[in-house]
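One chain comes next, on its own, written as structure tokens: the form predicted alone.
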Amino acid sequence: MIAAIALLSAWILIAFLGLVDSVFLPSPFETLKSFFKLLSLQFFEEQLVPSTIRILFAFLLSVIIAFPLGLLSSQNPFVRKMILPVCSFARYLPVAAFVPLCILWFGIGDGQKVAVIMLGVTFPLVLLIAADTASTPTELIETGRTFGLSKAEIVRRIVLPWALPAIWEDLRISAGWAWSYLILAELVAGNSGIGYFVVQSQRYLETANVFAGILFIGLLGLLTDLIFRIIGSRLFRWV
């Protein structure tokens, strides 16, 4: 908080003294003015709604793929040897490098944006889910076997209840990644969305709009994080 206040104070001082041209660094007041202009029905329909739909669709697909792969990797040695090395390698590849390929394969429509998000989210999410489900205490699993539970029952009644709170935290973190990768896709090859709005503003030297768009993205990320926290506190009251 102290660092944020200091940064904001320095920004206000620089703008007030005119040390930097507003084309390069608009004042906080200009930025806020531009931000409030974004709170319009037109901006919501043309920019926010497309971005949100892409996020939801791509994030759900990433979870649908990552959850079973992560779970199976923690429970089956063969699947673990097949999946985890690939995911460990892929998560270090820069997503930005795949944007040209995604444009080549899917064009510049929504398919390209969804593919970019999935490339950025799915591989590390598989590793996180695998680690969480593998962390189930051996004592609990042995107790389940003592009571005659099958492998599937152990997973359903012991492994998943143990790991779900941590998995929910993984989803909360990966939702933030999803926003970052969506903006990357819209910045490079956008025709709508918040990232596209930021690029267009930069092209016309509307720097206050650029700052306002960045602020808007940050607030969306905070809102997403808050929603996950609220739902998680209700779903996992025992944590």
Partner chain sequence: MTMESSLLEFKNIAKEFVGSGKQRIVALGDVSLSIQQGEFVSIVGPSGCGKTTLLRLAAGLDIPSSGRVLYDGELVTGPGPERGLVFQAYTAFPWLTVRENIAFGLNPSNPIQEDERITRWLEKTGLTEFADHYPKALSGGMRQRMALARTMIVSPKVVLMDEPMGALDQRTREKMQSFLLQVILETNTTAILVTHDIREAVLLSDRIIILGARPGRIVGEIKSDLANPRNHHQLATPEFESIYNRVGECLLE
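Being a predicted model, the structure only gives us computed values, none of them experimental. Residue numbers count along the first chain shown, from 1.
Quick note: we don't show the form predicted in complex with the partner chain, though the next part is all about it.
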Evaluate residue 157 for contact with the partner chain in the predicted bound form, applying a 4.5 angstroms cut-off between non-hydrogen atoms, and reply yes or no. yes
Determine whether any heavy atom of residue 143 comes within 4.5 Å of a heavy atom of the partner chain in the predicted bound form, and answer yes or no. yes
Is there a heavy atom of residue 168 no more than 4.5 Å from a heavy atom of the partner chain in the predicted bound form? no
Although the partner isn't part of this model, could you tell me whether residue 162 comes within 4.5 Å of the partner chain in the predicted bound form, counting any heavy atom of the residue? yes
Taking 4.5 Å between heavy atoms as the contact cutoff, choose which of 105, 147, 78, 89 touches the partner chain in the predicted bound form. 147
Segment that reaches the partner chain in the predicted bound form - one of 91 to 99, 70 to 78, 114 to 122, 135 to 143, heavy atoms within 4.5 Å: 135 to 143
